[in-house]
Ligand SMILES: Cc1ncc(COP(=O)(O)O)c(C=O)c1O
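Next comes just one chain, in structure tokens: the form predicted alone.
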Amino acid sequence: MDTPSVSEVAALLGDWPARGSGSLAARLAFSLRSRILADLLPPGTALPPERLLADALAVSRSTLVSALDLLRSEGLVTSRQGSATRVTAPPAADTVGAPLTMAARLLGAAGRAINFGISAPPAAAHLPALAVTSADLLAAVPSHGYDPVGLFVLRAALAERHTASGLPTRPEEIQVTHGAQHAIDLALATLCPAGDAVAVEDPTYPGVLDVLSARRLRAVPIAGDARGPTPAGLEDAARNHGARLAFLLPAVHNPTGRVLDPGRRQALARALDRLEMTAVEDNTLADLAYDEARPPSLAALCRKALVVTVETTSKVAWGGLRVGWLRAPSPVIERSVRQRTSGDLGCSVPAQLLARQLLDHYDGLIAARRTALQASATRFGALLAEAIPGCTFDPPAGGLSLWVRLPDGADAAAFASRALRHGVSVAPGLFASPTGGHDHLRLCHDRPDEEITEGLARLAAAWSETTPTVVFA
């Protein structure tokens, strides 16, 4: 975002007058500051001309100038006569700020902090012994190794797993991808022209918001309640906001860890059928519900609606394997393969062969992961309540993360920057919410005990420095 438009900056600030405290200029400075520290306005960004920005924000130019003066005094922006006001790197920029995209979050804190911000297994130590030999490669079909749809042997094994879980599936209804993020991108690129509205839960998986932005698609939040997205919310997104596709997490939700109850899942399936609405269901965590079997897929419940399912080995096994897949009717798979081949000719054959071997151990691995994750969620939650007194969250029923509301509506982006200075990386909720999440954090509890203990001690130290000014009024 080197030169964002006036409307982009105004949208980024949202309902800024309701945040912070003090004068209008102080509240505007507060919101600009939080966006800068969250890297939503990264170093080098040129702000729009003052007169245009003031008009877009419905404030006087003197109010805007006063807000910018506060940021200039903090070293967050700089201005030169005849040139635009630009965002500058905040102090200790190599350790401050929460990166915007999924890739930036993966790269930004690597090796420098305890990372509670990325919801992924911390290492591959729990995997069984796997190996691929030259003989395995020579036996691969096709022999040249290029296959955009994926090796048949892996697709057949994945189809068998879907069928065994209650969703009859043929190999031609599977496409192997470079993980779930790639699968989501392929699905949306195949099904949605640029400019389309896509209904999403609020909060949702952060990576889908990155894809929507890159594909120039418009996120429409689905209204929900304590049980999850509602059929009425889905209908409103379709009929009143033009959404023809919904991105849903009906099994284990990321980031909340919620598992939809059977009644709500059936009601959503009926609403999708009634609306004849396409759904992309993210089932990357479906095998990691703590106390119940894998929930049924929407694709098995819907009778009319087209449902495309996204899955991956990254959460059960290890993110570095980079093997995911799409499950969809074969005509959709054929279209997505054509979409894919403009820039990608298929996944690594050794990775696919390792994934095929892994499936022979998958059920045992799932059982062990469920037990370990339930224990880490309980331990993490107990220590978190001590580290940040007054924070609230619903105990997760599955998955790797907690969705945590900070006390008194504290600004999560600013707190994430403070936490990083203490050597712990967290994900502010605004990355997972199309409408806000300003006072929430997504925290991954899938970490070794020693990291949980030390990381939450660091979070406690960061929280002790939080002042009453870093709150929503």
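Numbers for residues come from their place in the sequence shown, where the first is 1. Quantities reported herein were computed from a predicted structural model and do not represent experimental measurements.
Another form exists, predicted in complex with this ligand; not displayed. Remarks below refer to it.
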| remark: None of T278, S336, T169, S314 but one has a heavy atom within 4.5 Å of this ligand in the predicted bound form; the exception is S314
| query | this ligand isn't shown here, but in the predicted bound form which of Q352, Q181, N115, S297 has a heavy atom within 4.5 Å of it? | reply | Q181
| Can any non-hydrogen atom of R322 be found within 4.5 angstroms of this ligand in the predicted bound form? | yes
| message | I'd like to know if T309 sits close to this ligand in the predicted bound form, meaning any non-hydrogen atom pair within 4.5 angstroms. | response | no
| task | Mark L249 yes when one of its heavy atoms lies within 4.5 Å of a heavy atom of this ligand in the predicted bound form, and no otherwise. | result | yes
| is_contact(Q175, this ligand) in the predicted bound form, heavy atom dist at most 4.5 Å | no
| said: Is it true that S119, Y205 and D282, all three, sit within 4.5 Å of this ligand in the predicted bound form, judged by heavy atoms? | reply: yes
| note | In contact with this ligand in the predicted bound form (heavy atoms, 4.5 Å), from 181-189, 259-267, 235-243, 213-221, is stretch 181-189
